[in-house]
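For reference, the chain that follows is the form predicted alone, supplied as structure tokens.
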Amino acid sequence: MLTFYFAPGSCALASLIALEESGLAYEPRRLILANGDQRQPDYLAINPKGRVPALVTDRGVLTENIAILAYIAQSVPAAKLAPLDDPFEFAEMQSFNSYIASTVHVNHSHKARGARWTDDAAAIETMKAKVPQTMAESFALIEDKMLKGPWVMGDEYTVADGYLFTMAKWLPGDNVDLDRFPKVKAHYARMLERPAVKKALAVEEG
């Protein structure tokens, strides 16, 4: 059985949703980041990065949402969580997921993780102040250019949808009004109606 390490309120929710959508059997392991669980020796032995998510499989440990999402989709092709039979569309989905991971998540992280980039207190405060702008700019791009239809890839749901939902969930805390992005807001509402999302949120809440 798979073992999935996550933390409430973290980006790991995207992979948690994908696991629930897939029907794969897994054991959830909850870490509390505020308590430093991610820095404990037993967890660092699993994921030396000291971050979530981490998925323990019978072949080893996978980290990073992009990798875990692709693994889940490819492990259960019948669930149709990715356009597995179209290399170009699969790459497009991965391009979207990469933008979420490398740009949107980093924008958000400037609010609470500025010390990753500088020790200058004034610079950290400047980064915090910039978050509403950069998050809004990223979501404007997603709204106008990247969201193809009711779902990220158009008419078909994919693992990218859980990733977008996870980031959209952070917007209020980043002082960005979801109402500014009608398509993303409608997507968020659709996600909340999916049984797998409801289950994932319940697992997250413990």
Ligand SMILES: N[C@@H](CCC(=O)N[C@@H](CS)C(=O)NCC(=O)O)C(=O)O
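Numbers follow the displayed sequence, beginning with 1. What you see is a predicted model, and the numbers here were worked out from it, not measured in a lab.
The same protein has a further form, the form predicted in complex with this ligand, not shown here; the description that follows concerns it.
Peer 1: Taking the shortest heavy atom distance, is residue 173 within 4.5 Å of this ligand in the model of the complex?
Peer 2: No, no contact at 4.5 Å.
Peer 1: Within 4.5 Å, heavy atoms only: does residue 52 come near this ligand in the model of the complex?
Peer 2: Taking the distances in the model of the complex, the answer for residue 52 is yes, it comes within 4.5 Å of this ligand.
Peer 1: Quick check on residue 57: any heavy atom within 4.5 Å of this ligand in the model of the complex?
Peer 2: Contact with this ligand, no.
Peer 1: Check whether residue 105 has any heavy atom within 4.5 Å of a heavy atom of this ligand in the model of the complex, and answer yes or no.
Peer 2: Yes, contact at 4.5 Å.
Peer 1: Go through 175 to 183, 136 to 144, 150 to 158, 35 to 43 and give me the stretch that gets within 4.5 Å of this ligand in the model of the complex, heavy atoms only.
Peer 2: Looking at the partner contacts, the answer comes out as 35 to 43.
Peer 1: In the model of the complex, does each of 22, 71 and 190 have a heavy atom within 4.5 Å of this ligand?
Peer 2: So, no: the whole triplet misses this ligand.
Peer 1: Within 1 to 25, which residues have a heavy atom closer than or equal to 4.5 Å from this ligand in the model of the complex?
Peer 2: Counting only heavy atoms within 4.5 Å of this ligand in the model of the complex, the contacting residues of 1 to 25 are 10, 11.
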